[in-house]
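One chain comes next, on its own, written as structure tokens: the form predicted on its own.
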Amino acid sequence: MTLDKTKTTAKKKVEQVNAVVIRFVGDSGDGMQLTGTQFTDTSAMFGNDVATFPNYPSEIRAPQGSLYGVSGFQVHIGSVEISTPGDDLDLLVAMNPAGLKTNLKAVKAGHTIIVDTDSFTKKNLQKAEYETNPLEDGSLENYRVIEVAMTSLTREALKGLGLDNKSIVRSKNMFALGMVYWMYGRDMKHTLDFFEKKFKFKPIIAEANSKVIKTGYFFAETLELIPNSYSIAPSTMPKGTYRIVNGNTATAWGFLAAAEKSGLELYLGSYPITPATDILHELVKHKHFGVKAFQAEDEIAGITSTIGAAFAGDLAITTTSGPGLALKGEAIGLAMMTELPIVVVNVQRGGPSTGLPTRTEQSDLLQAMYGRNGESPVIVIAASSPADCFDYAFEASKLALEHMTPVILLTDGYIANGSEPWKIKSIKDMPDIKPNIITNDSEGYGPFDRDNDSLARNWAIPGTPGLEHRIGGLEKNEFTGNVSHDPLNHESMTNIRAEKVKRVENYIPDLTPEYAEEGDLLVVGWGGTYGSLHSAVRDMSKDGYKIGHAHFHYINPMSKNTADVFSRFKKIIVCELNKGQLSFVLKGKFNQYDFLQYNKVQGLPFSVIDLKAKFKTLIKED
């Protein structure tokens, strides 16, 4: 079966739109992540700007049809700049009643819902806690509902192919994808090629998925309930080669680039934990680049093996999420005490304890800043989007290696699992990384000899003749490295370690606000809230508001001009997906300013609509 685009577009009206927000929802086994990913990749190859937000249930095998077992994938595509996965939905594809019930409130009035009517059985309606069938009781009259017997039509399309019923039913997600491809003028070729590659050794599965997606496509083409399709032009982006990446993949690649630029081998010691595990999965694929990956038996083994790798001269990484960061606290103090360069990646999730492992939150900032015994300062930085996870993984490595101290890199579940276009970088265009390694004792070696500017200690690799030395968790003499319990020496070493981290401010860029550089309101954020805050401030700036956006990537230390930026605005509001942790830090450092707060702790990102309403209220109060 071939696709005749001329015939397809001639039949019905094509409406031009700048952007669209689509969400696919269903049971974990309905393939919503695959469906959303294929639509995203196809749209990106067409040239649209995209941003995604996968949403997983925390239970591995949640009961089928249950409200808490719904899996979703949201994608925002457009011909304009796309910075977030979007707020309200233009299209909801619901494969079962539970998916409809948990996501209906996100659909714009008058917009489209596609449902698989075969799933709206009495049993599934009860599981979704419906007293009546929403397809029959008038509760959906404010939406354009397209009812399709997807399961039955999928069975019909695959009749005689020889597949068992379970395999047939699992293909119905491709029927839905085919319909959405037609509605938004997407070409099926990329997905058909994907089937051929993925199921190379299972050709009957490739054939089944190909048949079903084509069936869905042409069903939508002929369905009278869909009066028009939509056209979204390619986006205008800087020239270059792009690919879609999620934050975890970009983080892994940033470390690979840092290992190449530093000339060191990359070591990862990690214990699997949601949502950080995919960094481990990605790095394991690259042993040909000299990557050594160790899946440890627990979080403590993961970081202590990383400290050993740093002592031996590797670029040493460990990855975790909030509960794991708590377990790593003592060992981070050891790395700080021994002044060894390690990078700790914390992909934040909802807490406390096990909390919301598949939801996003920014609740680990204070733990990263202060969650160790004793005076134990470390460098803390944060990535703000899926693509720039690459840059800040690279930057975290550079800071650790050049300043000889641990660096905590904060990402979160939102940007770790979300994806967007990333312009591929050439390693030759990236800054050099110069580890403080010495190779001889021509001037007499001491383990705590330091660079005069950065205070980074010299790094002697074990086994280098003449550079034998002692380091450890007991306090050391400032000059010899021998164990010392002298009170004045301890105070001196404590001050040196703190000053070393503070001097990093001389090596990081200034804080530069977006849009207004002075005015009525400065919106302050950090980490994965960037896209939402940027979009809200951009829209209000276009409307004439004197509003700026300052986003913190460097949190300890902060940029030297931070106070100057604050001084140029009448009001400052700090927006966080927690109860006010950056606000707490800022109030301690800059108590001359009044920091307003806007907080959300729901396991979900900010809504641009809600942000704009809050910001307008604050400005009007003057």
Partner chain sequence: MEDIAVKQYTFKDFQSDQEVRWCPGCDDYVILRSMLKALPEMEVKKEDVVFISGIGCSSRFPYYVDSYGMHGIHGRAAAIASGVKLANPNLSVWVATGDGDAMAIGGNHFIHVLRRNLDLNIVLFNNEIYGLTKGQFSPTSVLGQKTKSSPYGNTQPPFQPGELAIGARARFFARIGGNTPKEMTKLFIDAEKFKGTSLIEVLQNCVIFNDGCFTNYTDKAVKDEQQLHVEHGEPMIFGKNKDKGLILDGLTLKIVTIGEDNIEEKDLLVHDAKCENEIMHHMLINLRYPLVTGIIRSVEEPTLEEREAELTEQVKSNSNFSKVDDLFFSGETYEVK
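In this text, rigid core is short for the largest set of C-alphas that superpose within 1.5 Å between two forms. Numbering follows the first chain given and starts at 1. Owing to the predicted nature of the structure, the values given are computational and were not obtained by experimental measurement.
The same protein also has a form predicted together with its partner chain, omitted here; what follows describes it.
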Q. Which residue, 221, 388, 314, 520, has a heavy atom that falls within 4.5 Å of its partner chain in the predicted complex?
A. 314
Q: Note which of 104, 467, 508, 192 lies within 4.5 Å of its partner chain in the predicted complex, where distance is taken over heavy atoms; exactly one does.
A: 467
Q. Counting only heavy atoms and a 4.5 Å cut-off, does its partner chain in the predicted complex sit next to every one of 150, 514 and 567?
A. no
Q | is_contact(residue 181, its partner chain) in the predicted complex, heavy atom dist at most 4.5 Å | A | no
(Q) Whether residue 45 contacts its partner chain in the predicted complex should be assessed with a 4.5 Å heavy atom distance threshold; does it? (A) yes
(Q) Test of understanding: in the predicted complex, would residue 286 fall inside 4.5 Å of its partner chain by heavy atoms? (A) yes
Q: Determine whether any heavy atom of residue 295 comes within 4.5 Å of a heavy atom of its partner chain in the predicted complex, and answer yes or no.
A: yes
Q: Could you tell me which stretch in 250-258, 181-189, 488-496, 158-166 has residues with non-hydrogen atoms within 4.5 Å of its partner chain in the predicted complex?
A: 250-258
Q.
If you apply a 4.5 angstroms heavy atom cut-off, which residues in 448-483 are near its partner chain in the predicted complex?
A. 460, 461, 462, 463, 464, 465, 467, 468, 469, 470, 471, 472, 473, 474, 482, 483
(Q) Once the core is aligned, does residue 486 move its Cα by at least 2 Å between the shown form and the other one? (A) yes
